[in-house]
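Starting off, we have a lone chain in the form predicted alone, written out as structure tokens.
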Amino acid sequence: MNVAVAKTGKGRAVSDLFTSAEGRLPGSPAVTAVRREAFETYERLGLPHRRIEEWKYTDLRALVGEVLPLAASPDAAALKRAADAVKVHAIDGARKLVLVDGVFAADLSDVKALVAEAGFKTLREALDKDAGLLQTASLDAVIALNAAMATDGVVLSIADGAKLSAPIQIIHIATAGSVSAFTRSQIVIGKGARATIVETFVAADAKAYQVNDAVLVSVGDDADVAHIRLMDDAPDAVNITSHFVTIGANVKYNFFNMTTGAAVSRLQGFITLAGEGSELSANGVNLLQKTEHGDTTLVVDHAVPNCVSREIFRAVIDDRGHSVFQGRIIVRPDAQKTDGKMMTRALLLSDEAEADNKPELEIFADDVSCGHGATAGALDDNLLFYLKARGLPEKQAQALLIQAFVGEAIEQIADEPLREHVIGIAERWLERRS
């Protein structure tokens, strides 16, 4: 392979990023070889830019510039700040798995309670024997970079027929500034299992950091899974997360994402419906202000017949925020009787707010029912006047209308305590805006 050594905006060779971190990255010699190959892919491609169709609205070369050095392992002071953050962001009753600056923190996690119901090990432990968790078939540069640099993560295995008594919450906490954290996790859910997985991204007094996370999910036949992602990183942080989900037959998979932080963020999800009779519900809310840039890119692949997918996404953009939604539904030639619907709506609260919505359908079968839609607009002046005429201040009137606007997506969360938790996050965002 011919590799051209590129330079970052500050003149530092891209190869220095991997060279300086290689000695700290876990794994056997076979794993190291996979890492080097992945980094060569990243080095050749560089950060994605607007000339790449999938990244045309999120030009990382312009928005980010360069990848920061790998974060050091957290010291006692960092773990203390992380513990304080866990108290604030942990969900009552959930089994916590905590990653601090990209490293698993056993003392902050509920490992003993979890292993009674599910198999667990860290990515660092898994890589001692197997390089498979780092294998990627994608030429996406940020996915390749994640494979090259992943330091830790969680590997969960939920047995066939298991019904978890509590949600599993994976909490990513940043405590250091001007560094990068690379994490990769795997979640395998057995046949007929019932599970709720929550991912949370927060900061503990950290600024200007970068997160590159990847999650590989495999769902067995007849399972029922709720997967919720809550991203509230620091206002000047960067968060790029990639999800790879494979769904078996007769599965109910309910996914929800909420973005309320980070200067630049992108969630890219690749969901394959690989078994007949499955139902996918994918929903999300972007709450953006100032100059925040939030991108949700989702590819739903109907690979087999008789599956249903529903996507509802909402964006509320204030100041000079920029929301991006790219949704693609693919219906393969053999995927007859597919039923797929996708709707995205953006609410612009200022004249400088921007929303780019790009729904797509790629249909190669002839007996399907598919549709998509996208809208963007401002708050209804008549409704605002109605509320203000009854004594509500303008900001409070706007908050009520915004809550109603995002409610359709949030209401798709079936678990009431989790739904109330997400509503609370949205309400706090509205309070900060006031």
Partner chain sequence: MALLEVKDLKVRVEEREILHGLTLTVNEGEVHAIMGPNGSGKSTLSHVIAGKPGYEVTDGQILFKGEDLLEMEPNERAAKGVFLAFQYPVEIPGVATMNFLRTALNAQRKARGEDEYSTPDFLKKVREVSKSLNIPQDMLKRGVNVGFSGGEKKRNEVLQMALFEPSLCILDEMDSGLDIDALRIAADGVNALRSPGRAMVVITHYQRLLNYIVPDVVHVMSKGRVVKSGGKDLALELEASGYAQFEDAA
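Given the structure is predicted, the values throughout are model-derived calculations rather than measurements. Numbering follows the first chain given and starts at 1.
As for the form predicted together with its partner chain, it is not shown, yet the points below apply to it.
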property: Full three-residue contact with its partner chain in the predicted complex, heavy atom 4.5 Å, for L383, L392 and L401; result: yes
property: 4.5 Å heavy atom contact, K388 and its partner chain in the predicted complex; result: yes
property: Q396, heavy atom within 4.5 angstroms of its partner chain in the predicted complex; result: yes
property: Listed range touching its partner chain, judged in the predicted complex by heavy atoms within 4.5 Å, from 62 to 70, 23 to 31, 375 to 383, 43 to 51; result: 375 to 383
